[in-house]
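Take a look at this single chain, the form predicted on its own, given in structure tokens.
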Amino acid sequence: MSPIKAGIINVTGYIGSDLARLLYQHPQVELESVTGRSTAGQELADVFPYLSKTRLSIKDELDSNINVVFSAMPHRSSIEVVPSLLKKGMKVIDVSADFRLKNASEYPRWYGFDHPSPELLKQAVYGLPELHRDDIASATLIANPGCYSTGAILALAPVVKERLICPDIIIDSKSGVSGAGRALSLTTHYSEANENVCAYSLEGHRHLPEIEQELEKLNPEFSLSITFVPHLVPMTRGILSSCYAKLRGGLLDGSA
């Protein structure tokens, strides 16, 4: 089997650089081309010394011989490049949230823009292999799940599918600061994040509709009510999610 030729758009973010590390080590993948807007013309090894073995130059545009493109663009930016990549016959794995939600009307509320390509939302496959492995294998557009969404969905999917719990669910999640990306922000400065735990997005986090969407598919007749509160904790990476729900009546005494 010939190796898959992969490319990364926006390799210079945390997600893009980690993708480069993982793809370079993958035995069935050849990382062929990477792009970066602010670092075009530089060697990838000079920008990220730990990627010194890649021997890749950062370019303005991807090479044309790519089979699979990973778009690590910010939210709202992937929409501008993905349609043209699909027309070229490339498979696309989008790491942003631009194709995660099936309902286009959710985007103004959670991401602040009207989705310009609702037809692609129907085409995109939510890229959680534990739930959609067969669909992912044949998809041309895959929407990579959000970080909080991944942990919460995987924790709750078995009990929601079998309706082992009551519909009221609480998700308490704690994340490291790298989840905010490389862009500077006050809340992720060392002096702000160190020795501190901070709840945020108390009015509703943008990963909540993903969680609701995927869990409701597992049991459409199960009317879920989900409370989700994320927290920023002083560590670089990783997420701990604690999910709470009452067992459905009769399960413990065997009468259900």
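For every residue, the number given is its place in the sequence shown, counted from 1. All of these numbers come straight from a predicted model, not from anything done at the bench.
Not on display, but discussed next: the form predicted in complex with another copy of the chain.
Among S223, Q28, S64, N194, the residue placing a heavy atom within 4.5 Å of another copy of the chain in the model of the complex is N194.
For the options H75, K91, K174, K161, the one in contact with another copy of the chain in the model of the complex, meaning a heavy atom within 4.5 Å, is K174.
The chain is drawn here without another copy of the chain; in the model of the complex, the stretch among 52 to 60, 65 to 73, 185 to 193, 215 to 223 whose residues come within 4.5 Å of it by any heavy atom is 185 to 193.
Contact annotation for Y14: at least one heavy atom lies within 4.5 Å of another copy of the chain in the model of the complex. Within 4.5 Å of some heavy atom of another copy of the chain in the model of the complex lies at least one heavy atom of T227. S178 belongs to the set of residues with a heavy atom inside 4.5 Å of another copy of the chain in the model of the complex.
Taking the partner from elsewhere, A137 is found to have every heavy atom lying beyond 4.5 Å of another copy of the chain in the model of the complex. For the partner-free chain shown, T227, V229, H231, V233, P234, M235 of 203 to 235 come within 4.5 angstroms of another copy of the chain in the model of the complex, judged by any non-hydrogen atom.
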